[in-house]
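We begin with a single chain expressed as structure tokens, specifically the form predicted on its own.
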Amino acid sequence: MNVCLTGMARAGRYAARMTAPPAGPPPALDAVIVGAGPNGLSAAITLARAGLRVQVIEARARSGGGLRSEPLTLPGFVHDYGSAIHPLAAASPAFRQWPLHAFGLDWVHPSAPVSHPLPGGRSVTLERDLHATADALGRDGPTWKRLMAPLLADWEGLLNDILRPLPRVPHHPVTLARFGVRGLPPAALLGQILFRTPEARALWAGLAAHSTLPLSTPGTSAMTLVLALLGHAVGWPFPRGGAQALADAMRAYLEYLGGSVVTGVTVRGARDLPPARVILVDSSPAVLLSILGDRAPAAYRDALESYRYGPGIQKFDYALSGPMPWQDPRVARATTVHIGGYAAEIAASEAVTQAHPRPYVLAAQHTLFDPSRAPAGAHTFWAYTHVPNGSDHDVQAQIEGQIDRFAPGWQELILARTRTTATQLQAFSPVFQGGDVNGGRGDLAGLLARPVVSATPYRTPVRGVYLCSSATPPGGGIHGMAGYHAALAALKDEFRLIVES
């Protein structure tokens, strides 16, 4: 990505002010960002890199939003409160151009990105190497290679196009078109058409279930392809020491650039904000409306109040006295584990609107590769399943029973557990409405109207106010691109600065 500042490079913002001076004395800040989640920090960094005076305001005592790590069970055990595995962060076009490693970020790469245990003590693994994955898939291996190899050849260009707001002229139209043809069908249908072996179909379904949508939903193959592609391109790593390390590195870089972060301050309306040329909101549409107040036009308010959210999650963090006793020891090669059995079982679990007796469980075993997160010999285990939005129905028995199918006796290792419900997630951050960690429903309609149908969905009807959360394109995931693109829109609109992305 090249930065092109109109006027005289870094002095361009002052020239821009001369062409459109504000009434009265200029505010002390150019931009204030509400919320220090990954998108808020990303927006702040993008603005600070352009030479603006930036401040981030965060209600919590620490920055990071869902990028938070704490001893949730026992002293000495470090658990990720929110996101735990970060392939999109490792591949993010924004993060990759910033020197976050110089501010403490260290990616841990497991031996394999994803493992998927199967009944009978077997498993299937998504390997970092495309050919190794194909070899493990047997007669479905050639199909896997034909599917992935053309996308992998131009993965950076493809990801850059996918993570941009629509509509935009793609920089890599051929690769994007190839991706689109494969990504539009429902994942359940495409998996049945493409693959013949239960191993390949299960691997495909386990990836597809990240969408939080029924696998019969059109477009769910797109998420499946992206996750598989990232596994081959950059792996599925995580920050050493906890997800908080990524947020801390972003904050440190922002402060190095001259920006600031104020924590422990709740913003309930515009009156709670310091004067600034622009405001960017890394939170839910509801919080945005509280800031806009009566300045929000009725049609825009109606659209945001009817914004659709997806399912919530219920998450469990475990302190264990030893490693997980998987029936197939090869499952220990990956940090991320998809627990759900065969493809038909996963599809059935994701199709219901209530807790399934054998739910799909997304799990992570960090301490196999980062022993700093637990006392010597002990381990952590992170697991969640999808639940109806806002549901607090206890699914502990279902989750632990499902895990026990593939790691019998593992419950004997439990030293302590912590349950986090969908409403607790929402109480922690309004971004997670009803426990929806993706910031809104991720079907095709939810991607096109996020939060409204607009060529620049970050821009609100009130000049100088922008939404930069996962309720804007490209949606959920730890990649910072919603904040990045919102900041670009603000730079262009209010400061006459153009950043080519």
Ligand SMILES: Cc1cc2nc3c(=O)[nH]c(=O)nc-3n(C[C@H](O)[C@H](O)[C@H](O)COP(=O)(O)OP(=O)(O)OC[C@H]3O[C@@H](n4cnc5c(N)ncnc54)[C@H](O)[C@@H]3O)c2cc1C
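For clarity, every value in this text was computed on a predicted model and none was experimentally measured. All residue numbers refer to positions in the sequence shown, first residue = 1.
There is another form of the same protein, the form predicted in complex with the ligand; it is not shown, and what comes next is about it.
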Determine whether any heavy atom of residue 115 comes within 4.5 Å of a heavy atom of the ligand in the predicted complex, and answer yes or no.
no
In the predicted complex, does residue 478 have a heavy atom within 4.5 Å of the ligand?
yes
Evaluate residue 30 for contact with the ligand in the predicted complex, applying a 4.5 angstroms cut-off between non-hydrogen atoms, and reply yes or no.
no
Tell me, yes or no, whether residue 446 is in contact with the ligand in the predicted complex, where a contact means a heavy atom of each within 4.5 Å.
no
Heavy atom within 4.5 Å of the ligand in the predicted complex: which of 242, 310, 82, 219 fits that? Just give me the one.
82
Would 38, 287 and 315 all count as contacting the ligand in the predicted complex, using a 4.5 Å heavy atom cut-off?
yes
Quick check for you: of 99-107, 154-162, 380-388, 326-334, which stretch puts a non-hydrogen atom within 4.5 Å of the ligand in the predicted complex?
380-388
With the ligand taken in the predicted complex, which residues across 273-310 come within 4.5 angstroms through any non-hydrogen atom?
282, 283, 287
